[in-house]
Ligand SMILES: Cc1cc2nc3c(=O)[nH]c(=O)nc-3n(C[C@H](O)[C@H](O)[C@H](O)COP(=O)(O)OP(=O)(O)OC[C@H]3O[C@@H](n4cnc5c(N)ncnc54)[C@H](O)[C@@H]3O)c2cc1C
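Given as structure tokens, the chain that follows is alone and in the form predicted alone.
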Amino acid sequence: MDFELSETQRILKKAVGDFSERWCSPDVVRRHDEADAYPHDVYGELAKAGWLGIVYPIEYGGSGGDAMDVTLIFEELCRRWMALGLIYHTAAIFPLGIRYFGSEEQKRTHLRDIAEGRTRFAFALTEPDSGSDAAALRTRAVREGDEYVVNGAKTFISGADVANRIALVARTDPSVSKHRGLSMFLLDTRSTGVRIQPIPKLGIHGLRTCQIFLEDVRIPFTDVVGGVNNGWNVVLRTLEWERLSIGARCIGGCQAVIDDAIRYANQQKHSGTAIGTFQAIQHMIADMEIATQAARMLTYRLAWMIDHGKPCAREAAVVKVFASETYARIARMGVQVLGEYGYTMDFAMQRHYRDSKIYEIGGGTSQIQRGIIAKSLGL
């Protein structure tokens, strides 16, 4: 297993870093964070750079890239702006069900538009009564001729308010086990009966989290992805990539915290001496680096496993737990290094403190991931 980046990957990593430096200045990030405003212009620049479709086949407008490529993009974007990393996730990861399970017509219809930034996606799985037990969802889809009529509600759906299409999971057969009776639909957000309402939240400002209400919404049969009652298999493939994405986003956030902590420790003086010379501060930042390196290697290994077609449900859960908890812990330590300044809105450290917590919850809580790991070990 070789983690040495190829020349192409090194070029990609530098290009994304240069992009982030140009388009994600501290002033731009702060302005969008304070207003909780979606960065339409930066999204457009991501599309121009050709990265939105990096994991999609070339014949559908993508770049034919792999999991390691997308990991590097997440890491570099989130080193500057965590919300932009999640925005990128909505384009790179949410439509993967189409790549793996979609019909030829669905691929031709959607993937090029996604890659070129014309279509924005969201993924609707979670419901008010089914979060950790996602397969217990109640949203119901009933076949009527060539259409399905959908009723129900979704919650905590990232980017639904700016999405053109939503990968919606609904129950199509209540007579079988909860995992077997689900289907995934491509919901057009302009459809009659769709109502989307943002939910104010603590962090990741710039991409809103939303509730979706569905009342007698009609979806054509041709917009079922992967076949009727096969939705859970589509979900599982999406979740593997989502946990990789979370790992990569978290290590990008960790690196940003370390960078800011080092910069502050070398500049801030106590009794005429930079606090970075104090052993207590040095050890705190050294611990940040140790944990971040471990999270990075776990994440890169997961990318390698995905790229080589190896089963990796356990490893994906390990990455989700370790990287998310590392980011949350390091963000707290970063605030501690900056002291009272870290608790003010004038410094970016408070944003990491706010942004990091959701990763221990979203995409499957740390407790759920530990259960997956334990079960995979035969417990």
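In this text the structure is predicted, and so the values were computed from the model without any measurement. From 1 onward, residues are counted along the sequence shown.
Keep in mind that the form predicted in complex with the named molecule is not shown, yet the notes after this line are about it.
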| property | result |
| --- | --- |
| In the predicted bound form, segment of 171 to 179, 150 to 158, 255 to 263, 214 to 222 with a heavy atom within 4.5 Å of the named molecule | 150 to 158 |
| 4.5 angstroms heavy atom contact with the named molecule in the predicted bound form for residue 124 | yes |
| Distance check, residue 131 to the named molecule in the predicted bound form, heavy atom within 4.5 Å | yes |
| Partner proximity in the predicted bound form: residue 363 to the named molecule, non-hydrogen atom cutoff 4.5 Å | yes |
| Contact of residue 368 with the named molecule in the predicted bound form (heavy atom, 4.5 Å) | yes |
| Single option in 233, 109, 119, 209 placed near the named molecule in the predicted bound form, where near means a heavy atom within 4.5 Å | 209 |
| Among the candidates 201, 237, 99, 301, the residue which, in the predicted bound form, approaches the named molecule to within 4.5 Å (heavy atoms) | 201 |
| Residues of stretch 66 to 98 in contact with the named molecule in the predicted bound form (4.5 Å, non-hydrogen atom) | 94 |
